[in-house]
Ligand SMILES: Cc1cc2nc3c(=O)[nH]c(=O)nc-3n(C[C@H](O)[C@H](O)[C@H](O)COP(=O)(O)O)c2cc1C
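Next up is one chain by itself, shown in structure tokens, the form predicted alone.
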């Protein structure tokens, strides 16, 4: 079924195809359940750490459902976790179109979306009514016109709005499509954000930082200790990568795989002595070999997005452990 749909969808602009698909997931979840059965819950193996529990090891990465409009159907497919967003405090339309491209030979996507979002108030209506079995992650980011000095307060407000709805929160400071956002990975800026966020936290919800694969993480040991000292429970490794020869935006999928893998394994090694610190692997995850490779290095949680676009719901089979 997905093969037939893909042939049609891939004749459309990528963003148009994505929005059309997501709209159908949102408006017709019960009808679509008959077409896409999802994986058998009885075959799922729960993954649990000190910080959180997923019903299985495979989650949907942020970016697919930015506003949380299709949670019911995505939960039905069988994801262990669904991470929505990036959610911004105020509504914004993002960058100019076209801003999404396929690189089909590489099973990759490139986007320069710039956090299009209907705003926290709109998204809140969807998160507060969600009652699915998949753990809900909420990825938060700054508005385009928010200055770096105002970022701590903005992230703090987003935590206040969403912590009661989330199984975990992710602070996005690594998208390449929002000007100056990656500057927040500097410990000076990040410390200011975390100080404000920690003042706001009241429910003990785990918070993760999503990082870029394009930085020099040779001192990953120091960064892990910095995050632990600031009451952060782990990292999402990684966001998309910049490839100037392909054009503007961030690249995901197979093109990202080797770049992300280097960062993932570096932080898995740096955090190996800290069992309460989680690494969520994202970026180029599209095969059982990818998951087994990272699992052998100590990773428990995995996310994908681009593989779902190219391979369809059958990719959820990776949620089941088969060696």
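Everything quoted here is computed from the prediction, not taken from an experiment. Positions refer to the first chain, counted from 1.
The next section is about a form of this same protein that is not shown, the form predicted in complex with this ligand.
Novice: Residue 142 near this ligand in the model of the complex, any heavy atom under 4.5 Å?
Specialist: Contact check for residue 142: no, nothing within 4.5 Å of this ligand in the model of the complex.
Novice: I'd like to know whether residue 113 contacts this ligand in the model of the complex, with contact meaning heavy atoms within 4.5 angstroms.
Specialist: Yes, residue 113 is a contact residue.
Novice: Verify the contact flag for residue 243: yes if a non-hydrogen atom of it lies within 4.5 Å of a non-hydrogen atom of this ligand in the model of the complex, no if not.
Specialist: Residue-level check for residue 243: no, no contact with this ligand.
Novice: At 4.5 Å between heavy atoms, is residue 55 in contact with this ligand in the model of the complex?
Specialist: Output for residue 55 is no: heavy atoms all beyond 4.5 Å of this ligand.
Novice: Among 205, 228, 100, 148, which has at least one heavy atom within 4.5 Å of this ligand in the model of the complex?
Specialist: Exactly one listed residue reaches within 4.5 Å, namely 100.
Novice: Taking this ligand in the model of the complex as the reference, which of 89, 109, 77, 190 has a non-hydrogen atom within 4.5 Å?
Specialist: Here the answer is residue option 109.
Novice: Thinking of 127, 161 and 166 as one candidate spot, does this ligand come within 4.5 Å of a heavy atom in every one of them in the model of the complex?
Specialist: Not one of the three qualifies.
Novice: To test your reading of this chain, name the stretch in 38-46, 275-283, 23-31, 291-299 whose heavy atoms come within 4.5 Å of this ligand in the model of the complex.
Specialist: Stretch with heavy atoms near the partner: 275-283.
Novice: If you look in the model of the complex, which residues in 55-83 sit within 4.5 Å of this ligand (heavy atoms)?
Specialist: Heavy-atom contacts within 4.5 Å come from 61, 62, 63, 66.
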